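Given next, in structure tokens, is a single chain: the form predicted alone.
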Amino acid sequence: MTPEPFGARLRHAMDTRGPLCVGIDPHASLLTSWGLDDDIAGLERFTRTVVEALADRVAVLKPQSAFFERFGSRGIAVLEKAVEEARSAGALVLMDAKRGDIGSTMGAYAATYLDKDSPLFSDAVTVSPYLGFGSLRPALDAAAASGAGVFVLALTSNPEGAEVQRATAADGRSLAQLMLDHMAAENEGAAPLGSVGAVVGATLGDAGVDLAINGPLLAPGIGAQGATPADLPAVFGDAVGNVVPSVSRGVLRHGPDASGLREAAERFADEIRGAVSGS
């Protein structure tokens, strides 16, 4: 049986739950602000609270793998449980791992996050294309086979990214545009939305690239990094309807009370709906 593509599942989730992705980023400082120790018990309590508060209502939860990896195997065990419980509650899980490599190594990363038999199987994963877009082929093929998605770094919200992403390719396109064009080719003919997305920072002002990739556009930078939902139309233009705005600390700082997390997420979702619809 052919699995339902990620793009279709994401479109449905955004239409029914609202276009919001909430990051699960257990910074040491954030654990402290919740009154938790920066240890495995604090990590587990923090993660469980976020998943229980939000997984039944937001479209996407995005755990940042590094903050779990720093605790070794015990941290990965917490991450595995969070992925399973979030997906069981109806949220799509986007693993923020930003993997990038070649050949069999990229294949191993793909098996980790995009193989349904893996304990870390996620609905989508972030990847880096700057070893060449073709280096992502194992992940793209694995995602297509399992009905998962891939979000490819294009124009990120960190200022250092511009020295690579805005550099000019041999044919005159920026490297970011070259990558976006590859994504558009992967998504050609998909409906209602392709499963290969781009990561484009909400802090960019005018992105200055063609974002019509027929796929989702993950937009980090809202909240603590300074962007607001009102900035989205200027950055994304006609593609704003395919944007998945990502908020982490802007929601997480309202914990550890579950109602505070829910209210913050609902507020961001309402503001994003208004910005996207122009109301």
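Residues carry their position along the shown sequence, with the first being 1. As the structure is a prediction and not an experimental result, all values here were calculated from the model.
Separately, the form predicted in complex with a small molecule exists; it is not shown, and the next lines address it.
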Note: the small molecule not shown here; in the model of the complex, the stretch from 53 to 61, 240 to 248, 33 to 41, 208 to 216 having heavy atoms within 4.5 Å of it is 240 to 248
Identify which of Q177, S195, T156, S146 has a heavy atom within 4.5 Å of the small molecule in the model of the complex; exactly one of them does.
T156
Proximity to the small molecule in the model of the complex, single hit among A142, V83, V199, M183 (heavy atom within 4.5 Å):
V199
Can you tell me whether Q225 touches the small molecule? I mean in the model of the complex, with a 4.5 angstroms heavy atom cut-off.
yes
Heavy atoms within 4.5 Å of the small molecule in the model of the complex: does D25 have any?
yes
Although the partner isn't part of this model, could you tell me whether P220 comes within 4.5 Å of the small molecule in the model of the complex, counting any heavy atom of the residue?
yes
Do D96 and the small molecule share at least one heavy atom pair within 4.5 Å in the model of the complex?
yes
